[in-house]
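One chain comes next, on its own, written out as structure tokens in the form predicted alone.
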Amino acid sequence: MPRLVVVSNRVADPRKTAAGGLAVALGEALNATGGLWFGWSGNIVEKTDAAAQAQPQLHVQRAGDVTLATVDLTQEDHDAYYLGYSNGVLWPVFHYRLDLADFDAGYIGGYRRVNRMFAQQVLPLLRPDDLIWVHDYHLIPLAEELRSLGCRQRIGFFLHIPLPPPLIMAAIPAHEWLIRALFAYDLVGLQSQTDLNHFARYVYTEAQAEQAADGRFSAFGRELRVQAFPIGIDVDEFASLTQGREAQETLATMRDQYAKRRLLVGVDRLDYSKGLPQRLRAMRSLLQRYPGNCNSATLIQIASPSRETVGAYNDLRRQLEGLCGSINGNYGELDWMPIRYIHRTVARKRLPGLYRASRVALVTPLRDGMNLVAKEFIAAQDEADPGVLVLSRFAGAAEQLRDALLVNPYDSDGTADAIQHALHMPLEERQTRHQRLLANIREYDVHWWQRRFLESLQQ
């Protein structure tokens, strides 16, 4: 098997389970081939006159059989490539938020510059028969840069976030350049069939592409294979965390403190794509329409900090705090509050205990590439007495998890009705739904995703 080279914005030590299931899955293939993982170090350095003329220093370390190679970014490059174009243009547009995109700031030059620098740094590390796997929206043009330097190895790309419909994609001033850059890859993987349909419609209408039966598209004088590879979790790894000390402590604490309550849970980054204000409004509608839940149902909403320096995130935080205060003020009692809002990160090892203690999980993004919290909630459940997943139809996971209660997060009353159904669902129905959901995430876990993508890339 050829050596695997992974390129992503950030790298992780695949030996550490705290790095998450993705790092573990990539680590399997990297370890099996003595692979290389390349990306940004996370460090921001001052730009000097000498440094402006030279390539940044390469940092190399070993993680077992895997080589980790990283480079630093200057403040200018970080602000333009990461904050500016990746997260100020691509992230909002790909999540359908054109109103939050900053098209006019000139960030695209820094985005191209850092991708070119990544290509120049990783090229000398490559072997002739390497398989290269590039990850996510930060690095869309990396293959184009590598090809311009003479790279002829097979290169695959996986987009972890959703791909928008053609008309929304076309709002990006350089949209044709981005899609043309994808055609420098041999294989592009997307999260869902919806994303694949959006890609096909774009290249038909904007690039007059031709499609073969095996998922190959011909456009811009090149040929590209595009497939949906829905990412999963390591089910056994996450289920084993449920039996760990931290998870068991959390489970015991939750059951003790909420012995007379029915617990709902939401775990998200603080991001405008997650539908958090809409979720709180659905909770308010639940209490209005079904007053039997007053003094009974409590939502624990974890919204971990994310990009705190960006104005849109500060606005969102203030909106959430205002909604929580309003709902708790109008409905709370001395010994009960309907919403417990936590704006900090909760340790990953404690989350399975929180999930298992909860009767309902609310995973209701306005748009999401996949959403692995939904799958983690399923994996953490007691099969004899499982909780119920309420899932947005706009999450990529909804294509697979049809036995969840699917909702439109923009419809507060409809979501409230689904929550009421979940809270009162009979045990037999909960068990049946959970069995089907668990079978699905086991079949299409993160190991399946990794194997399927690499097999397709080697074909």
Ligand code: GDG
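What you see is a predicted model; the values in this text were computed from it and never measured. Note that residue numbering follows the sequence shown and begins at 1.
Although it is not shown, the form predicted in complex with this ligand is what the next lines describe.
Novice: Does the 4.5 Å heavy atom contact test between residue 371 and this ligand in the predicted complex come out positive?
Specialist: Answer yes; at least one heavy atom of residue 371 falls within 4.5 Å of this ligand in the predicted complex.
Novice: Would you check, heavy atoms only and a 4.5 Å threshold, whether residue 274 touches this ligand in the predicted complex?
Specialist: Output for residue 274 is yes: heavy atoms within 4.5 Å of this ligand.
Novice: Verify the contact flag for residue 191: yes if a non-hydrogen atom of it lies within 4.5 Å of a non-hydrogen atom of this ligand in the predicted complex, no if not.
Specialist: Looking in the predicted complex, residue contacts with this ligand include residue 191, since a heavy atom lies within 4.5 Å.
Novice: Looking in the predicted complex, any heavy atom of residue 111 within 4.5 Å of this ligand?
Specialist: Residue 111 lies outside the contact set for this ligand.
Novice: Identify whether this ligand in the predicted complex is within 4.5 Å of every residue in the set 235, 242 and 356, based on non-hydrogen atoms.
Specialist: The answer is no; none of 235, 242 and 356 reaches this ligand.
Novice: Within 4.5 Å, heavy atoms only, one stretch in 379-387, 324-332, 362-370, 98-106 touches this ligand in the predicted complex. Which?
Specialist: This holds for exactly one stretch, 362-370.
Novice: With this ligand left out of view, which of 348, 78, 261, 216 would have a heavy atom within 4.5 Å of it in the predicted complex?
Specialist: Contact with this ligand in the predicted complex is made by 348 alone.
Novice: If the cut-off is 4.5 angstroms on heavy atoms, which of these, 267, 139, 155, 203, is the one near this ligand in the predicted complex?
Specialist: So the residue touching this ligand in the predicted complex, by this definition, is 267.
Novice: Going through 282-305 from first to last, which residues have a non-hydrogen atom within 4.5 Å of this ligand in the predicted complex?
Specialist: 302, 304 sit within 4.5 Å of the partner.
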